[in-house]
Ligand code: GDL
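In the form predicted alone, a lone chain appears below as structure tokens.
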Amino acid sequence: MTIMRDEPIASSLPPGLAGWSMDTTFDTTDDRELGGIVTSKPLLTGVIEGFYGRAWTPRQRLEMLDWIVGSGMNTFVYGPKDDIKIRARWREIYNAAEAAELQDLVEAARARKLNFMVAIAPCLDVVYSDASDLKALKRRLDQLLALGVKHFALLFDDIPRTMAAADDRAFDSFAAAQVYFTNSAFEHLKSQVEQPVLLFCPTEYCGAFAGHDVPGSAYLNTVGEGLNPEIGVFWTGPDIVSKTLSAEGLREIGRVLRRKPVIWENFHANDYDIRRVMAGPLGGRKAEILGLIDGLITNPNNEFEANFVPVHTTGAFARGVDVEGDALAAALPIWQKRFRLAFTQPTKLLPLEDVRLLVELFYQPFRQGPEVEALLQTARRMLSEAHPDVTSATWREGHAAITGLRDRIRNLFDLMTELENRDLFYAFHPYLWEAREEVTHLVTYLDWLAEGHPEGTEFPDRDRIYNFYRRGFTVAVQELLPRDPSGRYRHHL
């Protein structure tokens, strides 16, 4: 499954991330629990461009290949939803120009001794029992084989669980239809090339989609029983974006699937929330899970430039490195080199403490960076009373600390506008703009409290309200169903 590298590219590996091995194998005593199928083989690790939204450019994909090598991983999966021939028009082969562009990427991956995988998602309108649809899929696979691709993924994610009338007559279940179609594709691959690799993304690709009852899922059990044991299966964990991945949960899905899952890692994905970006390290995973999976493929932010730390810390985790300590500390100064300020000396970079602040502000999907979170906790304590004692030393110290954060964010924003790398600037610009505006509003309110506002006055006054208050259609909809702190909807008359 993995192509060996003779020697690592040491120049692209920061201290603390060196010493990786492309053939790292994690064995486990739990193999006996996976339906008798022993899966002691190299871990498939890397990046999938598998999100919804604007795809990366050819230049960015080439750079991602270097990041994958530099992070010690071994695989790139080409699967952008924006490529219409992956999903909506999956039956159509690539034209000459598209094929040439793809072949350039295949050859670039081969030069770096990386696995290059292409995804096809025939799930929107496939008729599983239709011989012509299977023939169309084989034609697509044959074109990709001719381009040198030997690693493939068939994706059946994010679709209704309905079938054509012909499939209802031909198959016992939705899962049985997908198993037949995928097994047929794999048999075709095996007839054309030695040792092909095929991964399958099920429609129930997380515990939530299985009704939080993985052992009781008829769909997953059918997949486990019927899918060729040589085919890998993607799994995102208990949720689409999983806060944690537990050893117990992975043993459970492994028993049902009769193989170790390949983790489709959505921890840093942001296509589901256009107002967030995840620039921090991987979290919520412990090294004990590495022996219970066959792969770890991260599906990161849409914004290419935001993915340096996510990719490098994911690679570090796959090798057992402390992610939020050693790996993050090692990745930041390497990433800093991309933050060259224009119109300055060639060595003038954004200061490292500002790069760290950027990561802290846009850290992980379930928490802020430690320093930023501590300051937010300070602000929460300061505002926990309707009429705080603004003369106390504790309150004044907190006021100064939040003001200092505002000043740092303002300075970071100003410096980012001067970046020579405009893709990097625009990757963070809308998020950093919003962070600057909101922390400025917070400090202005704290200033107002500290000044001892006259009785009966309000903040902000009428002349400033629309400069402070976000408006528009989406806000109007949100106001209809305000959320409580747990994220659940509440309404009041």
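On a predicted model such as this, the values are computed, not experimentally measured, just so you know. The first residue of the sequence shown is number 1, and the count goes up from there.
One more form of this protein exists, namely the form predicted together with this ligand; it is left out here, but the text below deals with it.
- None of D130, D271, D142, E98 but one reaches within 4.5 angstroms of this ligand in the predicted complex through a heavy atom, and that residue is D271.
- Between the options W56, F51, F425, W67, the residue in contact with this ligand in the predicted complex by a heavy atom within 4.5 angstroms is F51.
- In the predicted complex, R112 stays away from this ligand, with no heavy atom inside 4.5 Å.
- For W264, a non-hydrogen atom is located within 4.5 Å of this ligand in the predicted complex, even though that partner is not displayed.
- Using a 4.5 Å cutoff between non-hydrogen atoms, K81 counts as a contact of this ligand in the predicted complex.
- This ligand in the predicted complex is approached by T236, whose closest heavy atom lies within 4.5 angstroms of it.
- Within 4.5 Å of this ligand in the predicted complex, a heavy atom is found for none of I334, L350 and N421.
- Screening 285-293, 236-244, 174-182, 326-334 for residues having heavy atoms within 4.5 Å of this ligand in the predicted complex returns a single hit, 236-244.
- Contact residues in stretch 156-174 (any heavy atom within 4.5 Å of this ligand, taken in the predicted complex) are D157, D158.
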